[in-house]
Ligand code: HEC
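Single chain ahead, by itself, as structure tokens, in the form predicted alone.
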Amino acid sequence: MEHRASITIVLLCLAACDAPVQLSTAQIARVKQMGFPGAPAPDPTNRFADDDRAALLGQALFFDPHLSSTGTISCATCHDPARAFTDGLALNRGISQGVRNTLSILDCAHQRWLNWDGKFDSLWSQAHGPMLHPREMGNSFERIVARVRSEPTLRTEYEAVCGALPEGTLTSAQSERVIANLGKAIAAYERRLTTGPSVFDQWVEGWKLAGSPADLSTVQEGQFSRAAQLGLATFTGRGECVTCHDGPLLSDGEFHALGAAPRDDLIADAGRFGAVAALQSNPYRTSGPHSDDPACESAMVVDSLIAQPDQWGAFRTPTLRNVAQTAPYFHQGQFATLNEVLHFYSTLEGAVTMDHHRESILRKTNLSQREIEGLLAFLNSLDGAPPPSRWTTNPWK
């Protein structure tokens, strides 16, 4: 009897594995919104955003370690092209140990908010932040401007794009203007760091051409395997992943408190709650004096933001594009692998309760091992072709 029971269980499992992967009407609508995002939207607050000359200047700045106080740390130290523009560390390390994980800047031009807490509202406002941060590059306005003035290539490229550098001792307003221009050049470079369509994107296009059928077995798989199809069904269905990871970027771009326990050696991080005031006081915000369109719709939103108590400990939902290349995960690198992340979401094991600030939509899903394996296959299908090599190489070498 036990032998027959075992055979029955095996046959049932095989039948389940062979069953067609089906999507509901709601899931079909979600998947239709998840395709390749295309080119980034224009940035009216940065007049250099789509200027190739500015991008070349930004590339030189990005890889220049002499923009740090020690002459040893560049933007590329933490955003290494060989690591999908991350550093592979749980916590970033510049001049000294940081307190957050390094986010990849691949496809960053699609993001509405920058950093884990959204403290910056554009690529150009974020670009100079690490240069001035004491733990990252530890520099000052004066030394940064002096570097651009004294290095012939940087000076020539700067003046070709932004006009002549002011001579003599710079006023605060002049220094800020130069720093803003440098940030806009780096942003122009970072806008070129876009990835191509992934295996999933290619499959979605074929699925749409086939009429977006609910039965995924009717669509040619190609490299988007049956396991990945099951993962997509779980992602948009029982796993509830799509609640926050939706749209072309597989991110809602918003801020959530997930209750992942902080690292033992770090104090609690206020997240979005602590970032709103910093953003609104930043002279480089998109509604500020250095913006090229401070009255545009996206800029006007910044001045109306209000820090809410439920934003305490909330962090931006990262894109899942290229996620398989960007371990470790979460804002303090709490999880080393995607498997650990999925186990956390499935069980909420180790989650901390943050009074009433805990995300109300988060609940245990108790995923099966087959569902987790499908999700891993799906997440691994989200890697896009890397940016052109001209934009990923160090121009100083």
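These figures come from a predicted structure and were not determined experimentally. We number the residues from 1 along the sequence you see.
One more form of this protein exists, namely the form predicted together with the ligand; it is left out here, but the text below deals with it.
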| query | finding |
| --- | --- |
| One stretch from 35 to 43, 22 to 30, 326 to 334, 49 to 57 that, in the predicted complex, holds residues within 4.5 Å of the ligand by heavy atom | 326 to 334 |
| The single option of 299, 161, 227, 108 touching the ligand in the predicted complex, heavy atom within 4.5 Å | 108 |
| Candidate from 239, 288, 81, 271 lying within 4.5 Å of the ligand in the predicted complex - any heavy atom | 239 |
| Contact label in the predicted complex: residue 116 to the ligand, heavy atom within 4.5 Å | yes |
| 4.5 Å heavy atom contact, residue 362 and the ligand in the predicted complex | yes |
| Residue 121 within 4.5 Å of the ligand in the predicted complex, heavy atoms | no |
| Exercise: residue 127 in contact with the ligand in the predicted complex, heavy atom 4.5 Å | yes |
| Candidate site 186, 190 and 244: all three near the ligand in the predicted complex by heavy atom within 4.5 Å | yes |
| Within 4.5 Å of the ligand in the predicted complex: residues from 83 to 97 (heavy atom criterion) | 92, 93, 94 |
